[in-house]
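First, one chain by itself: the form predicted alone, in structure tokens.
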Amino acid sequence: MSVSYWLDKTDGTAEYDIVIIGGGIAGHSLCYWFQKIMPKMKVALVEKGELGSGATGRNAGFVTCGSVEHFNRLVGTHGEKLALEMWQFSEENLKLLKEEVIKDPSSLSFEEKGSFSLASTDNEFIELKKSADLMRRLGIEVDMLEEKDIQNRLGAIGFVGGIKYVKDASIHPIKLLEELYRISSRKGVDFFSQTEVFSMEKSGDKRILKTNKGSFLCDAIVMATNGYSSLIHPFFKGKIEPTRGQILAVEPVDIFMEGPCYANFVLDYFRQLPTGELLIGGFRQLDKEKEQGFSDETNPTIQKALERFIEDHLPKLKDKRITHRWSGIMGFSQDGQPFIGSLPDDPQVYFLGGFTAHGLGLAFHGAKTLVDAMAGKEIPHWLSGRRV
């Protein structure tokens, strides 16, 4: 996010009411809600690479409820009432996506097959049972699985038990982004890819966003930059940390998995696509130090662990060809919950980020929450950027 004297081409200026920085799921969701809630606003989105080239185009496509922790731990930290509110926020995210965007599920590879959390140890299974008991008591639909159920329904071995979150889903994240783009662009939102932000400046009651393609003069800026937020403004240092995730893909085989899965306290995850390929990611705990920062590269230690996971737990994929390996930068917040609000030193610069590996499950509702707040509604305290 720096500019060389030789590359400074910020002569031209375009004028908008609102400019959004970031072309991932958060930025596209903001475009959608601005054109729906504030249709008279002239809105632009700028993205330093191709649209969706960040975390949105590099995740596994889980649209799951909750957060990075098992539900019993969420209750232990926040209490039952707030933990349930957090869970219901993500349930509403999926409901809104279905009502507003997903009109043709098959065209987006959208499936509502639930998701599974699997335990490879008795201790984790005890935790999952506690979570299931809590969730059922609070009205959240879950199923219990024993070892044989996992083998029969998921084709996975080496797990002692698990639970199924019945209402979770999965999707092709770029097809979802393309659908949001089509809706918003038809409504007059302008998109600028390959447009990198250099600085945000004040100009009276206006804001100037300087980029490599010229300047944007606007009334408000919205940062939908997630893991990259601290590169633009120091407020986010220590609040939203750039954290790298690793994934690999295996060639297609006949469908054998009932739905997407988490394992090892939600640190690792895998799913079979409708076309038969398997995606598996996670294991950042094996090399945490190297998996911090903005460098986008694969990590041999973690990639080997992903291969071993297949060998140990997914016998139907033994000796199958690995077709892709990649990494992506996510934004991890201090407490695992998103940050929504405006900068303390500039109320005309807003932000949405810190999804902690759950962007598809939180960003659409999060974007509506921010746009509603700009229209006068209150942001729940647990989502507020001022909470820490």
Ligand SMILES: Cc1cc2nc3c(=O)[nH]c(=O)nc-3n(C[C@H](O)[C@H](O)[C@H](O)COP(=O)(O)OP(=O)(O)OC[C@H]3O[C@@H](n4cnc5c(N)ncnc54)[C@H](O)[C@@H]3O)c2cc1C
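In case it trips you up, residue 1 is the first one in the sequence shown, and so on. Note that the structure is predicted; figures quoted are calculated from it, not measured.
Below, we turn to the form predicted in complex with the ligand, even though it does not appear here.
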ask   = Pick from 75-83, 139-147, 240-248, 115-123: which stretch has non-hydrogen atoms within 4.5 Å of the ligand in the predicted complex?
value = 240-248
ask   = Between the options 349, 330, 43, 340, which residue brings a heavy atom to within 4.5 Å of the ligand in the predicted complex?
value = 330
request  = Could you check which residue among 307, 100, 219, 196 gets a heavy atom within 4.5 Å of the ligand in the predicted complex?
outcome  = 196
ask   = Is there a non-hydrogen atom of residue 128 within 4.5 angstroms of a non-hydrogen atom of the ligand in the predicted complex?
value = no
key: is_contact(residue 225, the ligand) in the predicted complex, heavy atom dist at most 4.5 Å   = yes
query = Can you check whether residue 70 is within 4.5 Å of the ligand in the predicted complex, heavy atom basis?
reply = no
query = So, in the predicted complex, is residue 269 in contact with the ligand at a 4.5 angstroms heavy atom limit?
reply = yes
Contact set, 13-45 vs the ligand in the predicted complex - heavy atom within 4.5 angstroms = 21, 22, 23, 24, 25, 26, 27
